[in-house]
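Single chain ahead, written as C-alpha cells, the form predicted on its own.
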C-alpha cells in the first residue's frame, strides 16, 4: 500500500546508489522536483531510463548521478541539444556515460512487457536502421507461426519508477490526466515506485480520460506542488518556455552549470531547512 512521505524521505528510502531509475513523463507531468532531490542526496552510478530525456536528465548527468542512460531521444525540446549529456559522452565529464539507444516504439514496448511480467517484447520496428548493430538489447526473432522476421527487445523493470501526477487521495490512490505517456507502465514495471503529486485530497473526483493508479501499485506518494515545473501539469500550470530557453547557455558552460547547481538545486535544500 502506498505511504504518504515527504519528497526527501521518499528519495532517501527508495533510491540507492547503483539503482536503475526511470523518471517518466512526456512533455507533461515530468517529475523534475524528484530529479533535483536525487541530485541533492548525492546519488551515484545510476542507470537512468527515460524515453525522452530532456533538461532534468541533463542536470542529473551533469551532477554526476548517472553511469548509463537508456533512451530513445534526447534534447532540450524546442531549443536544441543537451550540453551536459554531450559533455559526458564526448569528454567523460563529470564521469563517463554509457548509452543504450532504442526507438520510441521499442522503449514503449519494453515498458509494456515489464508491466505485464513478460521477459521481452516483439515488434516490427528497427527494420532499415543500424540500431540493432549498435545496441546489444535489440535482437532478431522469427515468428513461430508465420516465419516473419521480427525484432525482440527485453522488458524494462526499473528498481525505481518515478512519475508526477495531478493528485492523490489520502489512501495513496494516484490520479493523472492529459498526456500520460508510459507513466502507468513505469509504475507497474518497477520494483519500487514514487508518485509526486500537485496535491493530496480527500476524494478523487472523476476527470474524463483520467488514469488512476491504485494504492497497491504505488510504494510512496509525496505532495510536491509545481513538482513538474518547468514542464506543465494540465489543470494546474502551463509550460515555462523561458526556462527551457534559459537552460541552453547554462548547460553549455561547466562553470555556469556548477554555479546553477549550487544555488538552484543544492542551495534550495539549505533554504528549505
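Owing to the predicted nature of the structure, the values given are computational and were not obtained by experimental measurement. Positions refer to the first chain, counted from 1.
Keep in mind the form predicted in complex with another copy of the chain is missing from the figure; the text below concerns it.
**Student:** Name the stretch, out of 207-215, 59-67, 222-230, 40-48, where some heavy atom lies within 4.5 Å of another copy of the chain in the model of the complex.
**Tutor:** The contacting stretch is 207-215.
**Student:** Heavy atoms within 4.5 Å of another copy of the chain in the model of the complex: does residue 153 have any?
**Tutor:** Taking the distances in the model of the complex, the answer for residue 153 is yes, it comes within 4.5 Å of another copy of the chain.
**Student:** Could you tell me if residue 93 has a non-hydrogen atom within 4.5 Å of another copy of the chain in the model of the complex?
**Tutor:** Contact with another copy of the chain, no.
**Student:** Heavy atom to heavy atom, is residue 203 within 4.5 Å of another copy of the chain in the model of the complex?
**Tutor:** Residue-level check for residue 203: no, no contact with another copy of the chain.
**Student:** State yes or no: in the model of the complex, is some non-hydrogen atom of residue 199 no more than 4.5 angstroms from a non-hydrogen atom of another copy of the chain?
**Tutor:** So residue 199 does not count as contacting another copy of the chain.
**Student:** Could you run down 116-137 and flag each residue that has a heavy atom within 4.5 Å of another copy of the chain in the model of the complex?
**Tutor:** Heavy-atom contacts within 4.5 Å come from 117, 118, 119, 120, 122, 123, 124, 136, 137.
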